[in-house]
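Quick heads-up: it's one chain on its own, the form predicted on its own, in structure tokens.
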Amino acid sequence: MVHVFLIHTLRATKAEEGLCRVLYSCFFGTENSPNDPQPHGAERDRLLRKEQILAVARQVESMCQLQQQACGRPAVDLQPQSSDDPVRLHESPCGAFRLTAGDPFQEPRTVVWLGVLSLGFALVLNAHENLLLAEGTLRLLARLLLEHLRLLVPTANLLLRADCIEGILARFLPHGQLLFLNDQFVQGLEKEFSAAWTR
């Protein structure tokens, strides 16, 4: 099961003083702690989730930078890409890492991430999930989001397109469940989404 899907910025090393920003996040389910004596209010839950996703985004950003340095690649290029240039997702840095219990989630989690130019995509999963399936799903989601939302174009405003993101997640990651999808089924879901979105 996927607990969180998030999109955040990646910055080049020493290029910006600010930290990465979370642009979009979607939680599937809630975390309940039997050891927590305090009742969870809506505001407290919101702040906790915000801290959790920011911690994940920072770790993904660090992992992406470390991987690029280890491979001898230049730092992440934050310049907007021309809409005519195809994005090569198979060349994009990706990876996975474990989060121990309590850092920042109550249970151990695994994070699968993908860096595409100035954007980071991540799935926070149960510790025992199928990582190959999760990586394939993340690459599929990233491709669909980049195609439909034109995220790498300077005028793209992700905050105004949350309904489109939710539509993609509802079809390709329903309720946080990883799906075994073949190419034909993916094409059918893409046609269904495109028809619904153009109405």
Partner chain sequence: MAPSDSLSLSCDHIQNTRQLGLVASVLLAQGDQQQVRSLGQRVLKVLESRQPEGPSLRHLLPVVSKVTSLAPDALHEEQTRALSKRLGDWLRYASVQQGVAHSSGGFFSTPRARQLGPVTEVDGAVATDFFTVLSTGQRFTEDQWLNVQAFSMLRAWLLDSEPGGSGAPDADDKSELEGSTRSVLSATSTASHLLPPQEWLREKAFEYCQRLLEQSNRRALRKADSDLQKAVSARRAGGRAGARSLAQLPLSGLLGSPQCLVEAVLVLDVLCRQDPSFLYRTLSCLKALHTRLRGDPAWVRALLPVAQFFLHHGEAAAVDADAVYQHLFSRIPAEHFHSPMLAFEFVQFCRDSLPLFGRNLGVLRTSFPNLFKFLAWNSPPLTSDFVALLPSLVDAGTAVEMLHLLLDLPCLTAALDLQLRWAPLLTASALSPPLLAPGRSCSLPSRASLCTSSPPPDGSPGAQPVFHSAVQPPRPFRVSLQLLAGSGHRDVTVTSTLVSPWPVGTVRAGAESSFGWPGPEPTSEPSLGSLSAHRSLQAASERPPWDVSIRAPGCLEAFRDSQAQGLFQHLLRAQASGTVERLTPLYRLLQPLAGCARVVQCAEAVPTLLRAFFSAVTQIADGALASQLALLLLERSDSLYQVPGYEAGVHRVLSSQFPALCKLHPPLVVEHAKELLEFVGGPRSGGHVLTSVVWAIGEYLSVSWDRRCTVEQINNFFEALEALLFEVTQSRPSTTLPKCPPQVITVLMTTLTKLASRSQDLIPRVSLLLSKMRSLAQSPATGSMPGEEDAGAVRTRATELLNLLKMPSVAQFVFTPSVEVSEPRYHRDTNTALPLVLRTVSRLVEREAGLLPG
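Numbering follows the first chain given and starts at 1. On a predicted model such as this, the values are computed, not experimentally measured, just so you know.
Keep in mind the form predicted together with the partner chain is missing from the figure; the text below concerns it.
Exactly one residue in 58, 150, 50, 143 has a non-hydrogen atom within 4.5 Å of the partner chain in the predicted complex; which is it? By the 4.5 Å criterion, the partner-contacting residue is 143.
Is residue 171 a contact residue for the partner chain in the predicted complex, using a 4.5 Å heavy atom cut-off? Taking the distances in the predicted complex, the answer for residue 171 is yes, it comes within 4.5 Å of the partner chain.
Going by a heavy atom distance of 4.5 Å, is residue 178 a contact of the partner chain in the predicted complex? Yes, residue 178 sits close enough to the partner chain in the predicted complex that at least one of its heavy atoms falls within 4.5 Å.
Within 4.5 Å, heavy atoms only: does residue 110 come near the partner chain in the predicted complex? Residue 110 belongs to the contact set for the partner chain.
Would residue 22 count as touching the partner chain in the predicted complex under a 4.5 Å heavy atom rule? No.
Select from 117 to 137 the residues with a non-hydrogen atom within 4.5 Å of the partner chain in the predicted complex and write them out in sequence order. Going through 117 to 137 in order - heavy atoms within 4.5 Å of the partner chain in the predicted complex - the hits are 128, 129, 130, 131, 132, 133, 135, 136, 137.
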